[in-house]
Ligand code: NAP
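Take a look at this single chain in structure tokens; it is the form predicted alone.
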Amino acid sequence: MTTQTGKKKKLFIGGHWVEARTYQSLKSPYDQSELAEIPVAEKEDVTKAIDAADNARETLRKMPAHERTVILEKIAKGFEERLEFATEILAKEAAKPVSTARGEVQRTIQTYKFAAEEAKRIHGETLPLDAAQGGENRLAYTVREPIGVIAAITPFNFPMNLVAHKVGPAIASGNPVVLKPASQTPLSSLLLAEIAEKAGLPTGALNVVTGRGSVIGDVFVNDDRVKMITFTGSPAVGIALRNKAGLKRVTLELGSNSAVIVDKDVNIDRLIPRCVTGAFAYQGQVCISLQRVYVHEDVYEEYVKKFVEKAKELKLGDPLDPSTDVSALISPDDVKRAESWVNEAVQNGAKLALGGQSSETVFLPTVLTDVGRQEKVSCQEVFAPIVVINKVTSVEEAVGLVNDSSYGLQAGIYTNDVHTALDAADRLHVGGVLINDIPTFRVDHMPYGGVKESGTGREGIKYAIEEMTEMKLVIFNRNN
């Protein structure tokens, strides 16, 4: 096994650490100190990574499920052994508060364990062909086979666990991967490469290329050996990839402006802490962050008052401080964008109940009320610690407002009426409905994905494996 030391990092291609021609500085989002020098892959580097993955394809395809299981279990163990080191990487490169970062590493371990389990459960079914005339005395069954080289493009906000949601099921199902991590958070993926190599993953089964998404993505879509692209990121980039991908299989996990509905009959005190967490965890930079809240008019004033009081308790600061709740946004440009969106909403009549300003790289937790549905903070994905709380006269009205969006990832509803809950679950046009919980809930084996501009396909290990395999039908004619 080889490891990387020092600030100057390398690409991981075909089981080797490879220098690039050019490098770029990786800086801490919190204090702008230099963390590392990151290689900028060129087209030739990406092509070599695809070469290595393609060369590993048959090896992985023929590898027994129990061997893939052992490798994934060893990857999980590798993260367990380096939990605190991995936590520190996340806190530094993503400005993720250290307690939240540790939780992500723990989820990453669990995700690889789920993948290890699912590697043993990939199977097809038998079909009764004699249900149709002419199908007598024929044995039919299906099998699921690996699709081939998978290109994975991952975002900055969960740079370990969302990588695990692509790499884990790919390995489980016998597919080699070329991984392109987000430019701001490559260190966690390079750590994965070290751990996977030590775990015995075959040479070329995992390759990590860092650099410009436009360069790397173009190679992915234009190389016929790449059979699938799995992408998590912005709708604009994801849609562009899909439009260029031709017949490649494409899974897209895109944006959202997730909402929760609060009915008049609920205990406000019980749900406020949960809602504040959903809105401001990791500075709101979560695809299913609670961005919109629609509260019944009977409890609206109480909800806003208690929400603001709870939000004021959040501690801002250094992500390495265990007491920090909210730290820096991922870039200074995002701080400027968040501030401009809030100012625009206020100028158009929204009321600022909390925050609205920044302190250097940290944008303060912000609560807006009476926000028009066309304001950017409401209809676009804010990806900042900003939440909109609006008054409604009924759950029916709230459902209509939740659905009045180009996104549809997850939504929640708090109510004590089972009929209201089930009606909302039926009418909400989203990928997942959470009853008596915030839309920010996710565990790593559940089906996860959205509708409309929130994407196509599903993640969650079992469901990702279905996307990463092809069904083959076998029919044995016993009439001869």
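We number the residues from 1 along the sequence you see. Model, not experiment: these values are computed from the prediction.
There is also a form predicted in complex with the ligand; it is not shown, and the following applies to it.
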Based on heavy atom distances of at most 4.5 Å to the ligand in the predicted complex, which listed stretch, 110 to 118, 270 to 278, 255 to 263, 388 to 396, is the contact stretch? 255 to 263
If you check in the predicted complex, is T154 within 4.5 Å of the ligand, heavy atoms only? yes
Would V346 count as a contact of the ligand in the predicted complex, using a 4.5 angstroms cut-off between non-hydrogen atoms? no
Is it the case that L316, even though its partner is missing from this view, gets within 4.5 Å of the ligand in the predicted complex, heavy atoms only? no
Does any heavy atom of G400 come within 4.5 Å of a heavy atom of the ligand in the predicted complex? no
Among N222, Q357, S234, S99, just one has a heavy atom within 4.5 Å of the ligand in the predicted complex, namely S234
Which one, Q374, N243, S214, T126, lies within 4.5 Å of the ligand in the predicted complex by heavy atoms? S214
Residues of stretch 347 to 365 in contact with the ligand in the predicted complex (4.5 Å, non-hydrogen atom): none
